[in-house]
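In the block that follows, a single chain appears as structure tokens, in the form predicted on its own.
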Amino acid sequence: MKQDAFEAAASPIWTDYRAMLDALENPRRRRAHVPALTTFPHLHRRLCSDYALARSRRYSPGLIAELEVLVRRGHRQLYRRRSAPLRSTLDFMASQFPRTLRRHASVFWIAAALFFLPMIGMGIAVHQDADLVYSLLDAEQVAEFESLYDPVRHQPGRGSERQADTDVAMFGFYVMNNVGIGFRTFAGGLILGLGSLVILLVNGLSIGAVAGHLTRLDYGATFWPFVSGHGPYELTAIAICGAAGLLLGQALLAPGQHTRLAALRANARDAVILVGGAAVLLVFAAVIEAFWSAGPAPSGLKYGVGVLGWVLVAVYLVLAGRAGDDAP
């Protein structure tokens, strides 16, 4: 084959390869082109083959040098050192997670309403009617919560059997508990979304009932400072897990033009991203709960940290990754 015919046949592939190299060498563009980049290894093998052919057929030195540069660039990207887990997590939380959540904002707001509105309503109702708390919790559970937030307790929020536990031990306990709640809320979506809906409602009602009951008992001075610090991250993450579960239910109930299996696969990809981001928020909430919430800081400072937390969560979810929303 003459060189001109060789170049004409391979030129479109070389053009695609150059575009992928440019995307890989630019972190912002790389995130925007992730689906297309899955074909990069195949194109790299094709470029290596074309480079070897050009050399064996003794094509012009300029063409051989151009292909060699492309192959070297591709080799560096294909075998480059992978990002450290912490860097990958930060990149994920800075861009992919908040952008995915904004794409499904309507589902998130439905999940948030199912969670927060019953919570607020039940809290107000129990504060007005003390007996109403027993419609959700039995007497033993109510007594346990009263004991947890009794003002005489040295470390509120920790049961008697955990008063001597270190903050690190409590961190592990909170991580397992929080992530467990989040995962169950998400997995419930496989039951046509009904599982996630019920879990959001029940958790919202239960949290509201506890908050209203403890406030009525004048335990609010212990309860509210304790939950204010980690609440913004933990409660938001539970709502996000609920939204991920509702996405699964949506695919099963309203697959649109796709089969249910195809719709479930498509929605599951975004749902897993949402759960991954929520898991990071839950771990962060566990850090605050273990090392700050039960600490000796003044209540006013804890309230201030809580308010700041809600502001940070709102700003983060609205603005993080905006630069990539319109990326080509």
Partner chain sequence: MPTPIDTVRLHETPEGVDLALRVAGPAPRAIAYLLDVVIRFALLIVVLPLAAFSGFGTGLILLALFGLEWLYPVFFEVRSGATPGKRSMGLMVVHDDGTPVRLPASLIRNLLRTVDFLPILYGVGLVSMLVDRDFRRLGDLAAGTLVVYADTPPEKPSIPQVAAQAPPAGLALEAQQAILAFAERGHALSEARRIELAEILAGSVGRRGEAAVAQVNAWAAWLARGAPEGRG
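Residue numbers count along the first chain shown, from 1. Take the two forms, find the largest set of C-alpha atoms that superpose within 1.5 Å, and that set is the rigid core. Predicted model only: the values in this text are computed from it and were never measured.
Here the subject shifts to the form predicted together with its partner chain, a form of this protein not shown in this document.
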property	result
Contact segment among 100 to 108, 68 to 76, 124 to 132, 138 to 146, judged by heavy atoms lying within 4.5 Å of its partner chain in the model of the complex	68 to 76
Site check Arg45, Cys48 and Gly62: each within 4.5 Å of its partner chain in the model of the complex by heavy atom	yes
Interface residue in the model of the complex among Ala268, Val280, Ala294, Val287, criterion: non-hydrogen atom within 4.5 angstroms of its partner chain	Ala268
In the model of the complex, the one of Met176, Leu117, Leu253, Leu90 near its partner chain [non-hydrogen atom within 4.5 angstroms]	Met176
Its partner chain contact at Trp224 in the model of the complex, heavy atom, 4.5 Å	no
Partner proximity in the model of the complex: Arg184 to its partner chain, non-hydrogen atom cutoff 4.5 Å	yes
Touches its partner chain in the model of the complex: Arg322 (any heavy atom, 4.5 Å)	no
4.5 Å heavy atom contact, Leu248 to its partner chain in the model of the complex	yes
Rigid core superposed: Cys48 CA moves 2 Å or more between this form and the one not shown	yes
Did Val318 shift 2 Å or more between this form and the one not shown, C-alpha, core superposed	no
Shift of Pro232 between this form and the one not shown at or above 2 Å (CA, core fit)	no
